[in-house]
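Just one chain follows, in the form predicted alone, and it is written as structure tokens.
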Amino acid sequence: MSNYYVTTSIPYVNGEPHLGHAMEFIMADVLTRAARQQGETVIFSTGSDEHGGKIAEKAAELGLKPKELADKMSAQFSGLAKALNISNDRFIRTTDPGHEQRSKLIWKALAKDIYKSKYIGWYCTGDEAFFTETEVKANNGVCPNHNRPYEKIEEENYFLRLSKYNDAIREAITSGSFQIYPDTRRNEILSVLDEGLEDISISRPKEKVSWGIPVPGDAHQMMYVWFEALLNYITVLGYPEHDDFKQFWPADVQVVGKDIIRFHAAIWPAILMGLELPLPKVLYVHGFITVEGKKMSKSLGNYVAPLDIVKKYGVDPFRYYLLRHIPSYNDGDFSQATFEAAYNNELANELGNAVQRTAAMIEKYQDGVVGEIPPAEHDIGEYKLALQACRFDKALDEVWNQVRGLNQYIDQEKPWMIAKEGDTDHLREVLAYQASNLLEIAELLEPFMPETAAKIQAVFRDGKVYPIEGTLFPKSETKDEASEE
């Protein structure tokens, strides 16, 4: 089988992990688990982005050194990954010595595309970004994201010849060698390329931003945080000499949020082209999550901590909700009411009851012996296509078609009536079919809900029934009681 490499973007550690971070981790984990299920050799990397003025500023506010703050916040993101059952192989930190060393190597390798020039522009430390005169005027000189005035900055920085690669990036996208999902995001970046990319500043004076990676050969300049953060996708593989880099690059899928599409669909490809490296095969761009119809904010009182949901409902219901009820190709909304409805109606009642009823009837009527389980014969073509296109919601729709079809089959066949009639052969056939269906459903759910899949597989292993104690989806406060006909 082949090698498979998937990455998330690396979260910036100036704030706590939120629903968007959780969703991105989980989406990449689904792709990873699905690839492993197919026998691929996988590297799945995530991590934390830890340099820049925002971190230094926040650390100073808290009376900490930048590295102390970075250590504390990075641990929250790695802890979230563990809590969400994320099966990443690597967790890179941009403060890792190896990342710093390899970032300097990359800078030197890009020397032909880097030049020094004076820059005059408007800057916001909160965004770690420069803004045009038009943007500043439109916002009356105040950054709307951080409610602070833009700073007028005049400084000498290093620039990357981004404009040089404009046409080559467009060709890679339009030819399909660099695929961007969904099409709306692909069209968005093509519009940017049609306008033409401008060369961009990739360093800041050390006197302005001292927390970062020094520019090789210039003690007065530091690499711009977002520039060196992008390099993590190859530094984590040991660029340029390690076998992992040689065997796993280019990435099969890179999962990022829509707010950083320009970095990943324009600047990152230009860096790779400058290094004479192939581009990622797929860039999947997900949307944002609101809460109860509003942007999530602690000041609005609608902040949802991922770990609070996991603690109450379990990790798989949380994964399920984000993957099925947040549109894979658009923005979505998290609400307590819709989460509860999905938990009770779809997970506990539809899937949970199908497992409980089947196991209970095999125990009651056949002393817990399933007998020979026939292979499942459902067409899973649409499921596979959805996964390949990062349509996680559509893939789970396909699984739930089977779940609902199985419940319909149970209600139509009425095994309890067959048992009353004494037709043991037909009853054995019906219950074996139910078990077969559930094992197939478990296999399809494995990348999405690994704990649930394992529980279902354990119930029907060895042609016998090993009932679940309690329910398939217990809450921390109450346990839903499943019923048998």
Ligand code: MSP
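So that there is no doubt, residue numbering starts at 1 and follows the sequence shown. In this text the structure is predicted, and so the values were computed from the model without any measurement.
Keep in mind that the form predicted in complex with the named molecule is missing from the display, and what follows is about it.
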Report the residue, out of 309, 289, 172, 410, that has at least one non-hydrogen atom within 4.5 angstroms of the named molecule in the predicted complex.
289
Position in contact with the named molecule when the complex is considered in the predicted complex, options 251, 83, 256, 110, heavy atoms within 4.5 Å:
256
Hey, in the predicted complex, does residue 226 get a heavy atom within 4.5 angstroms of the named molecule?
yes
Do residue 186 and the named molecule share at least one heavy atom pair within 4.5 Å in the predicted complex?
no
Is residue 193 one of the residues lying within 4.5 Å of the named molecule in the predicted complex, judged by heavy atom distances?
no
Does the named molecule get within 4.5 angstroms of any non-hydrogen atom of residue 296 in the predicted complex?
yes
Can you pick the stretch from 148 to 156, 355 to 363, 203 to 211, 256 to 264 whose heavy atoms fall within 4.5 Å of the named molecule in the predicted complex?
256 to 264
So which residues in 10 to 49, when you check the named molecule in the predicted complex, have a heavy atom no farther than 4.5 Å from it?
10, 11, 12, 18, 20, 21, 23, 24, 49
